[in-house]
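Just the one chain here, the form predicted alone, laid out as structure tokens.
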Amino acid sequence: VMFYRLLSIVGRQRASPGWQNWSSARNSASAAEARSMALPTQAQVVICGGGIMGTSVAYHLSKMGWKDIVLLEQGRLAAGSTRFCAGILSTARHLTIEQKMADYSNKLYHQLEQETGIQTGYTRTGSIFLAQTQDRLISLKRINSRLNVIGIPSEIISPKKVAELHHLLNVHDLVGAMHVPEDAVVSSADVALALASAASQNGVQIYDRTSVLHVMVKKGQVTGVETDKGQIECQYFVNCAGQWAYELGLSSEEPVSIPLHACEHFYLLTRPLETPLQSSTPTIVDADGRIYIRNWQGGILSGGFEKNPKPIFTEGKNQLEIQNLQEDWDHFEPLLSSLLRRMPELETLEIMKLVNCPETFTPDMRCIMGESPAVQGYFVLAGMNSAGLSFGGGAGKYLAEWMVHGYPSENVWELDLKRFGALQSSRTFLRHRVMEVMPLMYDLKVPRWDFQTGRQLRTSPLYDRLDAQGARWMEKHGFERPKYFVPPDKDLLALEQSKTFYKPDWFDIVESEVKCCKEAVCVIDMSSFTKFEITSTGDQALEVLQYLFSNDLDVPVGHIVHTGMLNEGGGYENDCSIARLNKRSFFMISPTDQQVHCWAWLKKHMPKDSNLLLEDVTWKYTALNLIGPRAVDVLSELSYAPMTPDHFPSLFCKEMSVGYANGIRVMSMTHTGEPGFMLYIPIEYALHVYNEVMSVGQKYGIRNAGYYALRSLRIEKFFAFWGQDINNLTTPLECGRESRVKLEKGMDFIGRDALLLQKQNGVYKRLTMFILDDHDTDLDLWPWWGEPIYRNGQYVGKTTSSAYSYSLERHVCLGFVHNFSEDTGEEQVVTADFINRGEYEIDIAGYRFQAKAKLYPVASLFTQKRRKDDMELSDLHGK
């Protein structure tokens, strides 16, 4: 009889000491009695889903002191995709927040057995990530640098060392590998049961075989859930329903959009080897071969991420418990071939089973957590992209913190549900996108890569016109944005296939666009920016906005204010520009991906009974950015109005006609620090205004430009962007924006107390500009983002964004500098003197390059062009 542990685990657990402990913690009730027990009629929190996510949230909430919690599972505990999980816990991730979640999970699972008495199968095996190409090795070196600085041991090793660590591997085609010795394997179902046991002992009530039918909502707030066993009133609901999270979200009285989709996921199990593998045998990830391999009871468990995935349940088919889906050996054959190439000795080994189980993926390969923008008290933790075990502990902790404290202890914007809009929830979009996402799990991801599916979803009215002129497109929040424009004489195909960690093929194209922005005039379509109008019948708009925003908005009509919405800790929930259209009306411009988050924040904090009107007008206006010294000439000709600084001062907005079109909002700002204007054009006039601008601009050398040029311009001018450089844990005082805060005016606003305290005590990190010194643009690896920063040989922070400055002829990075005590490791105050006295290096994939640190934009470098050979950066202190 086949002894197949992964499929029978939950059934066996009921007979194990751990399961009995868990049962006794519930008044020694048998499973049957527990099912017949009446549900409570009310609770503070109801969690739906008894897999690793639901039990982790329950565990952490109960640890933080919340006791009135009910966890509901439609089948048996841990019998969903948790039961089929391959059990590999890996900390090697591209995103820092994912590394931190996995590291916390590792530490948590390691001590769970001792805490609960339930065996979790935790075994520290270590992981080896193989590289068949130099590019893959560079990618691993970048991850290795980031792991080391957050305290996760990791090293780059030779193929010879790989063979010593795992004697069955064929290493002849490898160029290197990364070894992460503290990674582990674990039984995911046992971990979920241990978390459930600990939560139960802390007072959480757990009911299996209970289905949530829908979530009840009143006035945008969770009020309860209806189950097949009755109703439970509650203040908070947590959707941890895994692949059913999408359906469950749509079934609430106010639908909640949770974009994820399931695919079939295959792995095989073999009988033990003749000499059974040791339990400590390292897990192997051969991403170039698209497979992973781990020890399983002396034999092998091996699966992977094939190039032609099979999405399932698009129609919403439901199973109470996930059954093993149909075997498909033809489909698995490429992965099997890859396995046999890597481990030739397996040829003679008997395969016991091919497991086929559902796994959920999201549109951007990052998990989904956080509060719904539509329903207060409705939280989500789902869409784990096959990393649920690695993220489970950390993700559950951050979500619990979010619920208890109102925010998690780390910046989780990259995982926040509000990064998506409802537009990403089309079933067709999700089906097509996950077919691309699943292979991407192991594809080599070089900087600035773009998804290919689900494109042209949101476009500017100028899309076809720009596309015909050679625009290459990137996508942000579903919106198409031009990266750069390929001149007619360039090879389009070669550019599209250019993927590298080094100097990219678009370097010269972007250089010519930047040069045009500085010497003539360029047009950038920036229609994707989020745009809101806030209006009131009386003075209420100003009163409310003064409380919600950190800068003073009581300015004369027509003036533009750079400001932000801060949270109670003084961190940026949003960074924006606001124009005062008239006494009672304001026009707000925010980053593209802020559309949902910003709307939710405003709605949450505006008075409920006010006569305030908040309108999302993103789709109503096409935005053209006219950058360059000749922008003023182009607009003067088109409007027959004087556009000089005397008549049209900086940061000013007025409605005017451009060509035949009237009612164009023209603003003297460019988001880059360069001279020029933003034109907000009602969409029906977009094509006309664009054509007129391009026509009149011919004699001034006008051309199209894209976001890569914009990035270069804004970074060399030290312009920080929300979501990249600053976030909800960054205050204005930490990024040099004291002048954008009305602290001295005595007016109350959200975050004021925190800023006053910080001003008194000093800041513990400071956004700094770094200019790379000994870096060869043509030959050396480029910095992209996330590179460790060293001061006098000690790690002090990471870069947040970078770009090549065509003016300085150097790379410029932005990043935060911390001051860690060498004795205790605790953070200390960061002063301007501390930053100026340091010798800095930026670590790019293990190579350290010298860098000069600046706290202000290097303004004096832009007054005249100099060769970098005779440029003494250290003598320049631009204001």
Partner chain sequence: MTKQRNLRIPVRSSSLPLFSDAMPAPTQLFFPLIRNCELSRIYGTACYCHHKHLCCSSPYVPQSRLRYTPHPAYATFCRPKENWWQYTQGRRYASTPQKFYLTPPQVNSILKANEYSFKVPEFDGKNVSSILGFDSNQLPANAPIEDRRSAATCLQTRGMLLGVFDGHAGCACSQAVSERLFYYIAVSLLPHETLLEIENAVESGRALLPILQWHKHPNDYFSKEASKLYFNSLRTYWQELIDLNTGESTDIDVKEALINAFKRLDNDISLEAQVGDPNSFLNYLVLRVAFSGATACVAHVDGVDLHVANTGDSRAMLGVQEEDGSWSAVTLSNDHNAQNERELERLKLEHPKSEAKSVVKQDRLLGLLMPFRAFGDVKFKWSIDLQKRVIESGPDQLNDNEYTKFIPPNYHTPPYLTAEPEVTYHRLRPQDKFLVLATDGLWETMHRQDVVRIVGEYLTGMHHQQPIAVGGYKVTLGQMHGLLTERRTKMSSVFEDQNAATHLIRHAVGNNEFGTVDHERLSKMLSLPEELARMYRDDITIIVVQFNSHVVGAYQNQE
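Please read these numbers as outputs of a predicted model, since none were measured by experiment. Numbering follows the first chain given and starts at 1.
There is another form of the same protein, the form predicted together with the partner chain; it is not shown, and what comes next is about it.
Visitor: Pick from S426, S639, S158, T96: which has a non-hydrogen atom within 4.5 Å of the partner chain in the predicted bound form?
Guide: After the contact test, the surviving option is S426.
Visitor: Would you kindly say which of D616, E327, D505, E738 lies with a heavy atom within 4.5 Å of the partner chain in the predicted bound form?
Guide: None of the other options qualify; the answer is E327.
Visitor: Answer yes if any heavy atom of L756 is within 4.5 Å of a heavy atom of the partner chain in the predicted bound form; otherwise answer no.
Guide: Heavy-atom contact with the partner chain at 4.5 Å: absent for L756.
Visitor: Would L340 count as a contact of the partner chain in the predicted bound form, using a 4.5 angstroms cut-off between non-hydrogen atoms?
Guide: Judged by the heavy-atom cut-off of 4.5 Å, L340 is in contact with the partner chain in the predicted bound form.
Visitor: Is there a non-hydrogen atom of E350 within 4.5 angstroms of a non-hydrogen atom of the partner chain in the predicted bound form?
Guide: Yes, E350 is a contact residue.
Visitor: If you check in the predicted bound form, is T270 within 4.5 Å of the partner chain, heavy atoms only?
Guide: Contact with the partner chain, yes.
Visitor: Quick check for you: of 699 to 707, 101 to 109, 328 to 336, 413 to 421, which stretch puts a non-hydrogen atom within 4.5 Å of the partner chain in the predicted bound form?
Guide: Flagged stretch: 328 to 336.
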